[in-house]
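Just the one chain here, laid out as structure tokens, in the form predicted on its own.
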Amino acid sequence: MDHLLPPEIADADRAFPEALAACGDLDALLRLKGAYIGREGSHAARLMDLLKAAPKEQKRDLGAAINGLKNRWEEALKARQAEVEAARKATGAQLWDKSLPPPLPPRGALHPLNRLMDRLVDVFRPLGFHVEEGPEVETEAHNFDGLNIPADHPARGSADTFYLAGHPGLLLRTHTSPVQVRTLKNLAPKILEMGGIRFLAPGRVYRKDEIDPTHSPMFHQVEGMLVGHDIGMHHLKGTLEYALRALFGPTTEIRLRPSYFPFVEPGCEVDVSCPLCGAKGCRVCKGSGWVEILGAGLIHPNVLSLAGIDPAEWSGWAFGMGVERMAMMLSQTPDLRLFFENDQRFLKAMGGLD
């Protein structure tokens, strides 16, 4: 029946044993397998086209010839693959030096977001800032009331905030600002003798946001607060210039735009000159040369009063920044969800694993 095969196929069949013997590794074997029995462009594929076009009376004999040829090629390729793999294992066993120490498993490291929060803390430490922490399950008094947030504010609604069922007045904190309230209340008697206070409050916060490339119901913030005598916006601007230049580079410029937050007065949004394009305009800054990075302002007198601190004697400023937002900008990561999916390839690329 081999006489039914076209000459070029017969020639390929005669060359097959020599080509197979010349395959010294799996790559070469896979190339030969693709040339002979691959789905497209192989000798087997051309034979199937030949079978489709053959006269009806020849199809039976031609089909038997084609199947016999394909089966012979497949069996020979499998046998050669087993020989190549056995030879590779034997070579590896011979090259193994028993005196060498065993390979160590991959070492873990801090998550990229934790590394960035540590970096932010390190930037502010030389300025005398320390770290304060607070619970993630908060009271309305600390999360809203102590921050001068009115009872009818939309943020207090169940559409935006996770309240604990069966526990009236308890919720998952929506920002790290309750740490400011707790710290001021706890240290109010000592503020005078300490001459003021300055601290950072990094941590997780929760809001009822839909999960998408730029939003998550759980994310991270870093709050900063300074309380002292005769503190003004110039102190805030100078501190932020120092910190943001330490983070983004010495040529970074900042600008303050008026904005409203219930717990500061006056309030502002703070932009930095885009560190990715040098303020020339790019996709990240949407061609403007500026990127919004945080909100800030002078502490509202009501916040100080509610904490037991006399606003006639003391003043201060506060700021809050989103850690994921900054991480996405610094790394040009397009999707916030990548930071929470624990894909080791992404974490290694971000320096999250050694």
Partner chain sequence: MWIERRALAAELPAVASLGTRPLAETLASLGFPVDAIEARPGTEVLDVDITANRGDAMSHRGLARDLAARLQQPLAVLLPSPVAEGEPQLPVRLLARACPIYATALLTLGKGRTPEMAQAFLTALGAAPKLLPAVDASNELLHRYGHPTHAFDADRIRGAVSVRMARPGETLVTLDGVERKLSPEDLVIADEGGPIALAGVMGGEGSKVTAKTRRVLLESAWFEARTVRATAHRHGLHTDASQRFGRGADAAMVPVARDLLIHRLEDWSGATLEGAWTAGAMPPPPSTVDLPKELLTRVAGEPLHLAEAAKALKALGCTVEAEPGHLRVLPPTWRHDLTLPEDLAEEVLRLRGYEHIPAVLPPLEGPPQPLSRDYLQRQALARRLAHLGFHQTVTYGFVSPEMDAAFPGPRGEAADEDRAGRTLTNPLGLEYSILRRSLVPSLVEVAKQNLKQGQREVRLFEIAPTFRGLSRGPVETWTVALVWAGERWDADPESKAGPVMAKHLLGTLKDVLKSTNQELAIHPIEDGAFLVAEFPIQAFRTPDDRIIPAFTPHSRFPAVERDLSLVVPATLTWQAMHDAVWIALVGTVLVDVACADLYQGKNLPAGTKAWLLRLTFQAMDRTLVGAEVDAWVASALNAAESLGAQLRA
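What you are looking at is a predicted structure, and each value in this text was computed from that prediction instead of being measured. For clarity, a rigid core is taken as the largest C-alpha set superposing within 1.5 Å between two forms. Numbering follows the first chain given and starts at 1.
Beyond the structure shown, there is the form predicted in complex with its partner chain, which is absent from this document and is the topic of what follows.
Residues of just one listed stretch (42-50, 325-333, 64-72, 22-30) have heavy atoms within 4.5 Å of its partner chain in the predicted complex: 22-30. Here is the short version: of G169, G278, G249, P217, the single residue with a heavy atom within 4.5 Å of its partner chain in the predicted complex is P217. Taking E253, D145, E83, E265 one by one, only a single residue has any non-hydrogen atom within 4.5 Å of its partner chain in the predicted complex, and it is E265. Within 4.5 Å of any heavy atom of its partner chain in the predicted complex lies no heavy atom of G295. Taking the partner from elsewhere, R345 is found to have a heavy atom lying within 4.5 Å of its partner chain in the predicted complex. Proximity of L226 to its partner chain in the predicted complex falls within the 4.5 Å heavy atom cutoff.
Using a 4.5 angstroms limit between non-hydrogen atoms, R198 touches its partner chain in the predicted complex. Residues are counted as partner-facing when one of their heavy atoms sits within 4.5 Å of its partner chain in the predicted complex; in 224-239 these are L226, G228, H229, D230, I231, G232, M233, H234, H235, K237, G238, T239, in sequence order.
Once both forms are fitted on their core, the CA shift for P154 between this form and the one not shown remains under 2 Å.
Once the rigid core is overlaid between this form and the one not shown, R325 does not reach a Cα shift of 2 Å, moving by less than that.
With the core superposed, D335 shows a C-alpha displacement below 2 Å between this form and the one not shown.
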